[in-house]
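Heads up, the chain below is alone and in the form predicted alone; it's given as structure tokens.
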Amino acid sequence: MSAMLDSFDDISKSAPEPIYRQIKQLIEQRITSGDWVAGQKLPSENDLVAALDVSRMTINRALRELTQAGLINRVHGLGSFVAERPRHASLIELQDIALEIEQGGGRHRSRVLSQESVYAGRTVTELMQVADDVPLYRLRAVHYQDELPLQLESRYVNPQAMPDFIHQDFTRTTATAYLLGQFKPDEMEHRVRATLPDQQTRELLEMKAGEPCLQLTRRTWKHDQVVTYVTLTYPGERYELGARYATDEYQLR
């Protein structure tokens, strides 16, 4: 911790830049350069106040703006920590959340909330392209990275296409990994939107009040039949979605 405090020797009260902004920029530089890594604890407000001989309000403003920028997490009673970089997922590829987390050096765990056969509402049956009286398999699960919830999965599967889906242990494998092992999709549809979570989603994902979610919905077809329709919900501060692809196959419109 003393080495971290030494980093603040460059803060100058005579500089034209406000002190809080100098502190904020220094911490940001240390994090983005990789000098300070995810999970590393920052000096306490008391230590910074004493070391820099500035007001607590000055320190608090710098830390508050860094928190708002997603660079640090402030935990009541414990202090401030360098935040994990948002996990990144592709919009144009099917990716297994467990593999994605493990390749990033994390540990994956899933908790199954429900796994059952249901009669879904009109909206879902239309999306699944089945009659209202056709039962569907439904899976709800939370996926964790190092015990921090990262994804809420709500998935419908057509039993005619995947009859054994309901019998799988999805604490040992993910639904994505299982389905990819069973078939290669002919077609996929993705939709992404930002949304505010309801209370249950916020509690399951351990989100702060007012924090937005990223919500990805995906339908997957095989032989002109919808096999699965899934809604994946992520805490907006912990996840990002994107895509990269060759442009020679596309035309600008």
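C-alpha atoms forming the largest set that superposes within 1.5 Å between two forms make up the rigid core. These numbers come from a predicted model, not from an experiment. From 1 onward, residues are counted along the sequence shown.
From this point on, the text means the form predicted in complex with the DNA, which you will not see here.
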query: Triple contact flag Arg21, Asn46 and Ser80 to the DNA in the predicted complex, non-hydrogen atom at 4.5 angstroms; finding: yes
query: Listed range touching the DNA, judged in the predicted complex by heavy atoms within 4.5 Å, from 187-195, 220-228, 24-32, 38-46; finding: 38-46
query: Ala131 within 4.5 Å of the DNA in the predicted complex, heavy atoms; finding: no
query: Distance check, Arg61 to the DNA in the predicted complex, heavy atom within 4.5 Å; finding: yes
query: Contact test in the predicted complex: Arg74 vs the DNA, heavy atoms, 4.5 Å; finding: yes
query: Proximity of Gln68 to the DNA in the predicted complex, heavy atoms at 4.5 Å; finding: no
query: Residues in 149-184 close to the DNA in the predicted complex, defined by a heavy atom within 4.5 Å, in order; finding: none
query: Core-superposed comparison between this form and the one not shown, Arg140 Cα displacement 2 Å or beyond; finding: no
query: Displaced residue check between this form and the one not shown: Thr125, CA, 2 Å or over, core reference; finding: no
query: C-alpha of Gly106 off by 2 Å or more between this form and the one not shown on rigid core; finding: no
